[in-house]
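In the block that follows, a single chain appears as structure tokens, in the form predicted alone.
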Amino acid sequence: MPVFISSIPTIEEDDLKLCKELLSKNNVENIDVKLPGFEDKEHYYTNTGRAALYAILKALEITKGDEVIIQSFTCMAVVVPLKWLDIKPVYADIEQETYNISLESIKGRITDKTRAIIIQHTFGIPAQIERIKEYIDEINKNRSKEKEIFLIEDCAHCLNIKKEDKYLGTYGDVSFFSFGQDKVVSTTQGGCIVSNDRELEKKIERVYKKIPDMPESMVKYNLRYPILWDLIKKVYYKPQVLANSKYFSKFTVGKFLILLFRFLGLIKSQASKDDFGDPKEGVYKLSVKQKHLLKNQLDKLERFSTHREKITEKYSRLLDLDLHGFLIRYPVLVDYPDIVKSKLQQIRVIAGNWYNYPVIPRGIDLDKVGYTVGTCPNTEYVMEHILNLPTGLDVTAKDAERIVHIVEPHLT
């Protein structure tokens, strides 16, 4: 079976069996699911990470005219909730070594209108959250309570990761997580809010109570998705349907199924550069059925983490790069990343491109998301050279060696 960097890399046979069982039931018992490191805190589960961020911004009463600093080299899922609330995104540059937001860049972006900073731990690499927090704490001493700056941790790429014996997600005022199809654990779509401040937690609870339940059609979509993608992956490179055709020689059974399932509305593209959605149709509570899938995934998290750490260390050793931990994707900078991706596809490895634009997907209207070209030079260099190597369960040590053999000659 090919190695995919996205589309349910953590889903296994027991998860597929559970999805089928949940699809066959009308009702299931609600369960209490806790994320590692947050067992003593309330969890507010949403249908997506962007829905979680939207609820956080509502609870913080950040609104039109306010500014929120975010890093460039990110996903539209971070920007969309800001646009929903008419909040101005202010883009800070990244550190090339960590792919995370730069404190020095933050310092030049703060104004009287700044109400929050979103700290993204890109690929599971910890940001300089302690230094940023110390700096913001000093600034807040000279601000009124109504104007204080909040720290929001974006933990979409990290779960069960510690920095100096403290879990990522526990440094800021509040954190949010994502359980999308290509995240650390997956419920196809899903998110969670955890607050580190009791007063803020009460505000989040009030906002959360007003969020509607997920429609049944969406629940079925999310449970059916892993089953369909498991089938696609199994036949992705199966005998080419038109192997001798001049124009369709690369058209396989798996690629045909993707087109068919998308045509039928059974699966969708991960992101559309033109569709910003609407909070009235995009913000829901996570379904109870998906909580059961989440628990099943979390029960295996230690094994997932151990595997990712093993593959991460293998890449670092062979490529002589200073990256460690259990990264959700392994980032490298190469010349002509599209060519390298094509070479990897020849050995049936599908690599990734987080983030080949200041805000992905590439080609998004930068004016619409409020980004000005030239303001974040590190991001604009990295985005032209970035390539993500897979670290998921289907990557073996031998696969990692074959991947490195192709990638290493192209390193910048």
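Just so you know, these numbers come straight off a predicted model, no measurement behind them. So that there is no doubt, residue numbering starts at 1 and follows the sequence shown.
This next part talks about the form predicted together with a small molecule, which is not shown.
Trainee: Tell me which stretch of 367-375, 341-349, 44-52, 60-68 has a heavy atom within 4.5 angstroms of the small molecule in the predicted complex.
Mentor: Within 4.5 Å of the partner lies stretch 44-52.
Trainee: Quick one: of Ser195, Thr74, Asn222, Ser186, which gets a non-hydrogen atom within 4.5 angstroms of the small molecule in the predicted complex?
Mentor: By the 4.5 Å criterion, the partner-contacting residue is Thr74.
Trainee: Using the partner position in the predicted complex, report whether Ser175 sits within 4.5 Å of the small molecule, counting heavy atoms only.
Mentor: Residue-level check for Ser175: no, no contact with the small molecule.
Trainee: Evaluate Tyr355 for contact with the small molecule in the predicted complex, applying a 4.5 angstroms cut-off between non-hydrogen atoms, and reply yes or no.
Mentor: Residue-level check for Tyr355: yes, a contact with the small molecule.
Trainee: Classify Leu327 as contacting or not contacting the small molecule in the predicted complex by the rule of any non-hydrogen atom within 4.5 angstroms, answering yes or no.
Mentor: Contact check for Leu327: no, nothing within 4.5 Å of the small molecule in the predicted complex.
Trainee: Check whether Ala156 has any heavy atom within 4.5 Å of a heavy atom of the small molecule in the predicted complex, and answer yes or no.
Mentor: Ala156: contacts the small molecule in the predicted complex.
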